[in-house]
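Listed next as structure tokens is one chain, alone, in the form predicted alone.
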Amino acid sequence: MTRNRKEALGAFVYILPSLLLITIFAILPIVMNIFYSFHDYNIIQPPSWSGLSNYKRLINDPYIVASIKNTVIFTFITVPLQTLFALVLAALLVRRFHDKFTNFIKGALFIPVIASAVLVGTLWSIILSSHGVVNQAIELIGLEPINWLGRQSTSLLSICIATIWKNVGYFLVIFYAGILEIPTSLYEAASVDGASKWQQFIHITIPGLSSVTYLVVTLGTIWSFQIFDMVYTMTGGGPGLSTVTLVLTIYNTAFKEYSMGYASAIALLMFVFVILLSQLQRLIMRKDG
């Protein structure tokens, strides 16, 4: 065996474990999902070929239309706001506060991240209840209490607020690390030239975080399309179809209706949505960069 072949064989042995894990836990489930999406399958009986019937059902299903609409609205509300809050808080922590106080603030903001989504959803359900803190504050200023989770006009917004509160700490840490990587000489030179803090933030910090912002927006978008725990805990998809999302519809279809084939078709639809959005974000970020 030649030296080149030995090196190639050695490299293949090194990547083999990772290759097997990716194949078993990423590629194989996608292939099986595509396979089941063309079949009628209820777990108990063997899958039977159904052609495009599951995809035809997608077109006229009111649950799918509502879940796509809610998931897109949820994504367009949460991703920009949690990205903006995390960026501003990270910039303030780097420039305004130092030492133990900074660590305390970072720790306090990171606590919701390590809490489970079920716990956060339950906590916000209590906060937004008829006798919760929010309605008590509203009553103090003379307004009528609001049924935040029981009204179609406010239920999805309530879940957005709870989700932003949970996610901001995670993205703050990413932005904080990104700001520390920007050379301080740029800020010193800008100060010498008379640039204000705001001008430094706009012309140095934001351009310097372009790759970090792309990561944050991409992760936020994927997480938003995966939203399930918070919705299941706070509203269960109601009232009506006002908070039903794609993943909740997949769960209900697969594990309540036992229609695995149709659930696979919905999952594939969501997969395509995420891929398209990720590519769109990439194009926008490349254009802006």
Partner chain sequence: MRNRIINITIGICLVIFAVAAFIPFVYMALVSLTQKQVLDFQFAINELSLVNYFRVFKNLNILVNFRNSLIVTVSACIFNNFISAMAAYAFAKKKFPLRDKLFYLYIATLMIPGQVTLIPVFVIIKNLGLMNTYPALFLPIINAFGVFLVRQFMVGIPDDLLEAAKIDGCSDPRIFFTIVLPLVKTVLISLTIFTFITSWNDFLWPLVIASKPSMKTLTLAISALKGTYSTNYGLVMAGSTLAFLPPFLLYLSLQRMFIQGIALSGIKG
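Numbering follows the first chain given and starts at 1. Just so you know, these numbers come straight off a predicted model, no measurement behind them.
Although not depicted, the form predicted in complex with the partner chain is the subject of the following passage.
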property: Proximity to the partner chain in the predicted complex, single hit among Ile126, Leu180, Val192, Leu143 (heavy atom within 4.5 Å); result: Ile126
property: Interface membership of Phe74, the partner chain in the predicted complex, 4.5 Å heavy atom rule; result: no
property: 4.5 Å heavy atom contact, Leu21 to the partner chain in the predicted complex; result: yes
property: Close approach of Lys106 to the partner chain in the predicted complex, 4.5 Å, heavy atom; result: yes
property: Exercise: Arg95 in contact with the partner chain in the predicted complex, heavy atom 4.5 Å; result: yes
property: Stretch from 224-232, 66-74, 237-245, 53-61 whose residues place a heavy atom within 4.5 Å of the partner chain in the predicted complex; result: 224-232
property: Residues in 262-280 close to the partner chain in the predicted complex, defined by a heavy atom within 4.5 Å, in order; result: Ala263, Ser264, Ala267, Met270, Phe271, Val274, Ile275, Ser278, Gln279
